[in-house]
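Only one chain comes next, encoded as structure tokens, the form predicted alone.
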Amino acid sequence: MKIGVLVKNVPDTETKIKLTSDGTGIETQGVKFVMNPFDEYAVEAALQFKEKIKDDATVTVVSLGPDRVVETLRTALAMGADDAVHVWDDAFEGGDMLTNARILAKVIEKIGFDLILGGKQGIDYDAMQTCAAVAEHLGIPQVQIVIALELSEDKTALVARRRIEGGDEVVDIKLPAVVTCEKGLNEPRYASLPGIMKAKKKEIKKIGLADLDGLTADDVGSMGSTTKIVGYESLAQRPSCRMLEGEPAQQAADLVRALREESKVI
């Protein structure tokens, strides 16, 4: 069984984001990039399937992006993945989520996977589009925001539990399929020291536009995108906070007075 995991390289959640002077992007210099946290659950799920199936399974991680994504791929290799694929070409620059999904779908077709896993969303843009679009391009089933996943004995189907409003939904899905993983599905493992050392020596396969049949420069990157980010704006500075003192009744009176006379919202 060949399991593919789509992983994304995103800014660390503790990174302070700064905009470029023209407001058309973010300053990447000095920014720490890490594996998208939701993708860690996907990698762990793949590794658990591999451990259950043993010799009949391989895990390949795939990431689209500039050279910095190699570090994320090596993190997944250190966790236990077998192979890694770095998807990049100068022509891919400026692509939106749907264009990137078109590229990734071609990569998946080229390699051939029985199961494709990914995080439910990237924490940078929170779009939740790429994995769904990959499934549409491939014409295969998909199930999103999964919190439990079980493989059938014959390894041809899955039973997935996903969160919906007011409860959980149980879905039977035939393979090949795309599944996105939610927090709570598992507890991602830490990379071991031997795993880190082995990961440093592993070859990472590179795939560019010339390797993907049926795609031209007009189909990818900014040329193939149907959407474009025209600018970024910083969040408005939060107003200062004032603590009210005294007994509860006095605090309530002071709050009402402040809302009426200072904020003028009542």
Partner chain sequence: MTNDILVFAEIRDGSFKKINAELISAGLNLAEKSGGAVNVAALGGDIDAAIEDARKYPIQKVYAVKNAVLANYSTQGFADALEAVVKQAEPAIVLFGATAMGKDLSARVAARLGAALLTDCTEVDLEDGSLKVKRPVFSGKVYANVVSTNDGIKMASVRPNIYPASDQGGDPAELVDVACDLSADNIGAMVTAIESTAAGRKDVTEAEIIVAGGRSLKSEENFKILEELADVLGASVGASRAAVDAGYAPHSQQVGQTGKVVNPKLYIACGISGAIQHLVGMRTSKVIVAINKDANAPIFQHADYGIEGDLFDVVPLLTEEFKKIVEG
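As the structure is a prediction and not an experimental result, all values here were calculated from the model. Residue numbers count along the first chain shown, from 1. For the two forms, the rigid core is made up of the largest set of C-alpha atoms that agree within 1.5 Å on superposition.
Unshown form predicted in complex with the partner chain; subsequent notes refer to it.
Q142: touches the partner chain in the model of the complex, heavy atom cutoff 4.5 angstroms: Q142: yes, in contact with the partner chain in the model of the complex.
Contact label in the model of the complex: E109 to the partner chain, heavy atom within 4.5 Å: No, no contact at 4.5 Å.
4.5 angstroms heavy atom contact with the partner chain in the model of the complex for T227: Close contact exists here: in the model of the complex, T227 approaches the partner chain to within 4.5 Å, heavy atoms only.
Non-hydrogen atom contact K54 with the partner chain in the model of the complex at 4.5 angstroms: K54 lies outside the contact set for the partner chain.
Sequence-ordered residues of 164-190 touching the partner chain in the model of the complex, heavy atom within 4.5 Å: Counting only heavy atoms within 4.5 Å of the partner chain in the model of the complex, the contacting residues of 164-190 are I164, E165, G166, G167, D168, E169, V170, V171, D172, I173, K174, E182, K183.
Per-residue C-alpha change between the shown form and the other one, G214, threshold 2 Å, rigid core fit: No: G214 shifts by under 2 Å between the shown form and the other one.
Yes/no, D12 Cα shift of 2 Å or more between the shown form and the other one with rigid core fixed: It does not reach a 2 Å shift.
After fitting the core, R238 CA displacement of 2 Å or more between the shown form and the other one: Yes, its C-alpha moves 2 Å or more.
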